[in-house]
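Below you will find one chain, with nothing else, as structure tokens; this is the form predicted on its own, and questions on how it binds or moves follow later.
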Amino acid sequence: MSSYAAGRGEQEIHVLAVDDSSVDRALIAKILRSSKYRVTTVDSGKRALELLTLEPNISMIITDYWMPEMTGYELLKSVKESSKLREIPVVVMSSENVPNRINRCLEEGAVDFLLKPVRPSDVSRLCSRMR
């Protein structure tokens, strides 16, 4: 636990970042860590679900939309269909501004949809949505 979180008597904010692109994973992790969040990164939706069964204290999931094996949309649906995970806020990111895709993710329960590249201002906006 960071000294900041410990000093406030709060649990550390832990964000799970999911992206098949190592460059995008590194970028989002850097931005989140600069905001003092604990960050775990994985390269697929399947690995994210595996980690979520082992790590119960995830505050938010930020996932890329388009990934092989399991899309971010499929990950979002899996999280929202799970009684143990459904309360975790999910943010979907994409480099493509496709209104139907954005609306579908928001209707399925995503708390936000970010266009890549993600900027520090995007992350600060997400603070209020963490559990």
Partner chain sequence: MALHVSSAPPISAFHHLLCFFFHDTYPEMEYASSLQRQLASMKKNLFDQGYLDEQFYQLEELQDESSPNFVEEVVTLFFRDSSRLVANIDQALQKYPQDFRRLDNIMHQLKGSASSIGAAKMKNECTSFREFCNKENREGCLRSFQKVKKEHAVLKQKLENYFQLLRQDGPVDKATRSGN
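Positions refer to the first chain, counted from 1. For clarity, every value in this text was computed on a predicted model and none was experimentally measured.
A second form of this protein, the form predicted together with its partner chain, is not displayed here; the remarks below concern that form.
Only one listed stretch (75-83, 53-61, 40-48, 92-100) carries heavy atoms within 4.5 Å of its partner chain in the predicted complex, and that stretch is 92-100. Among heavy atoms of Asp20, some come within 4.5 Å of its partner chain in the predicted complex. By the criterion of a heavy atom within 4.5 Å, Cys105 is excluded from the residues contacting its partner chain in the predicted complex. Its partner chain is not drawn, but in the predicted complex it has no heavy atom within 4.5 Å of Met70. The closest non-hydrogen atom of Gly109 lies beyond 4.5 Å of its partner chain in the predicted complex. Contacts with its partner chain in the predicted complex, taken as any heavy atom within 4.5 Å, map within 58-79 to Trp66 alone.
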